[in-house]
Structure formats: structure tokens, C-alpha cells
Ligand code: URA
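In the block that follows, a single chain appears as C-alpha cells, in the form predicted alone.
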């Protein structure tokens, strides 16, 4: 692939804008030598304004989503893309969230431009655990864990019962819930089905990957070690 197209596909600018970057000498190799549009250079050797390029197609990142942000490119108000470099919205293929966290839910959100990887992470058949910390409006009744684990709970407007889910009680109004599917507003609807209301919802973990020391609204690219951790079984 020609360098102009490569860099434009990464979202750094239109082909016209990237061509201008070459003319201005902003694109160099790792040794600082100016590159030209028809040069043949390995991706990891290219620099723009002395910074390495973002990874090519197959990018995976995690974001510590704050409350109040929407997983959309079109909704009104604050969007998760506002927390990322503008070029990430312009990449081709586009970067999109893997599943969604609603506006009032915080926590670990994965994003990628790889459709195969997106399906592997989000498809219920792969049974990748998603762990949620829940704060409730009313005390637990004591039978919720059994109901959620039964595989028989059917939500309003759903044709199929939910897959079994594991619940651990933290205290009378707090619990940790592990799901292997991701239906619309699933956690909130599960507790509504047993007569309770979710007041706060946070997702600290997907698979074996946790937020670690990533602060709210921060993001980072994931490397091969992170991917291996993602597909590892979460700690019990």
C-alpha cells in the first residue's frame, strides 16, 4: 500500500492533507530521515512529527468510560469518541465499540477496527465473561443468585431466556454479576425482573482483562500480552 493511502486510512488526514505532510517534511523514518510518498518503509519505522504511527488494521484499545458518555457516533451530547484522538473516528476501517455501556454505566469498554475480533469478543457463543459491580435501590431478597443462575429468567419482550449468570453478594445492596452475553440493558432489566432498581453500574473486567490503574476517561492501546489476558478466564 502506498504511504499516502496508508497514513490517510489511519485517520491522520485526507490524501490531499497527507500529501502536504510529505511536502512539509513531517513524515520521516525512525532515524529522522525525510520520507517521500513512493518510499517503501515498514509500518513500525514510519514517524509523523517524530511520533510512531498508530497500529495498522487490527487495532484494539480499552477505554475507562465515564458516566454521561454515549457509545455512539451520532447521538447528541458527550460521546466516547470525544475522549479519543480525532483520527480514530476517521480510520478506515472505522473504530467501533465492542458492545455498549449505556450512558449511566461506567467501566471497561473495548474498541476495535477488526470485525472478526469484535465478533469473537461480543458473541455469546464464545462465553467471554463480562463482570459488573451493581449498587441497588433496595435490599437484596436473597433468591436473586439462584434465579440468575437458573438459565430460566426471561426478560420482558425477550423470546429466549437468559444464559445462566453468576452473582456474588457484596452487601445487602451491592453485588457482582458475571454475564456471558450482552443483551440491551441486561443487568438493569435482570434486577427489574426481581423487583429491584439499579442505582449505579460499573464494569471493571472483561474476560481476564481489568482496568488496572487506568483512570476514568483514559484509554490505552492493547498489545499481544493484553489480548492473551483478555481471553484468559477471569479470577473467581
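Positions refer to the first chain, counted from 1. Everything numeric in this text was worked out from a predicted model, so none of it was measured.
Absent from the display: the form predicted in complex with ligand URA. The rest refers to it.
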Counting only non-hydrogen atoms, choose the one of 81-89, 121-129, 102-110, 147-155 that falls within 4.5 Å of ligand URA in the predicted complex. 102-110
Note which of 196, 178, 210, 186 lies within 4.5 Å of ligand URA in the predicted complex, where distance is taken over heavy atoms; exactly one does. 186
Check each of 41, 53, 61, 201 and return the one that places a heavy atom within 4.5 angstroms of ligand URA in the predicted complex. 201
